[in-house]
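To begin, one chain is listed below as structure tokens, in the form predicted alone.
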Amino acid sequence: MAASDSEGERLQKVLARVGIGSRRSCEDLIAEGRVTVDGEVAILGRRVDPETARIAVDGAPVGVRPDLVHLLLHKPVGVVTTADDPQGRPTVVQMVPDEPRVFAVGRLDVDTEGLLLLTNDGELAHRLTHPSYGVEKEYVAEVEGVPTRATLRRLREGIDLDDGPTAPARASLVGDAPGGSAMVRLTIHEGRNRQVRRMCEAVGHPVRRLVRTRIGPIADRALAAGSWRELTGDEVRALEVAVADPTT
């Protein structure tokens, strides 16, 4: 769509509405060449259709469709990360409103609890789960026994699993737990099936309880198991920045 076209909304108005900044500051972003529409650098006066335009600021995609929803759920143990379950177990989509329809970003296994994003923002979801963007996921695991410094170093350097070695991670001992167990904080940026559990098992410290406490820049210690809330505009923007195209 050419800048002179009269159809659609002015780009700075669309950006301001989703919280990028004031209309004036959004005009400045456009004038500085920091905004693209459908892969092309935008100019002042550009009009866009929020339903179809692919807009990015500094390489970070900006969701501008008016129907986009971004939810944060604290998934309890026993709930599956699918839309339907043949075994009749409760699902994460049953824990949030039916409309608009959303899907989970990534997975948490049925025995793991903690933070899970649900959205209908396909572009953001794709980037959050694609390994090339390396979005961190932080977990706190209660494990059997107390890992030594050498064991923690093994976790940091990578563990050989049956599907290949893991990437370097961050691992630290949080403290002791009842029954001769310990609390370990692990931060990874891969998305393999049951990865944290398999890493801990491989170093001789099986997981007793596992909680995901952070997804990229998003954390919420006050969100109780089984509860959900909408992300704030600042949180959505922080996620968009976290998955900005590294080549721009």
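Keep in mind it's a predicted model, so treat the numbers as computed, not measured. Don't overthink the numbering: it's just position in the shown sequence, from 1.
Another form, the form predicted in complex with a small molecule, is not on view; read the next lines as being about it.
Trainee: Are any of the heavy atoms in V196 no more than 4.5 Å from a heavy atom of the small molecule in the predicted complex?
Mentor: Residue-level check for V196: yes, a contact with the small molecule.
Trainee: Does any part of L155 reach within 4.5 Å of the small molecule in the predicted complex? Heavy atoms only, please.
Mentor: Because no heavy atom of L155 falls inside 4.5 Å of the small molecule in the predicted complex, the answer is no.
Trainee: Even though the partner isn't displayed, in the predicted complex is R170 close enough to the small molecule, meaning a heavy atom within 4.5 Å?
Mentor: Because no heavy atom of R170 falls inside 4.5 Å of the small molecule in the predicted complex, the answer is no.
Trainee: Answer with yes or no whether L210 is in contact with the small molecule in the predicted complex, where contact means some heavy atom within 4.5 Å.
Mentor: Flag for L210 set to yes.
Trainee: Which one, E136, D85, D109, E123, lies within 4.5 Å of the small molecule in the predicted complex by heavy atoms?
Mentor: That would be D109.
Trainee: Only one of 144-152, 173-181, 128-136, 100-108 gets a heavy atom within 4.5 Å of the small molecule in the predicted complex; which is it?
Mentor: Stretch with heavy atoms near the partner: 100-108.
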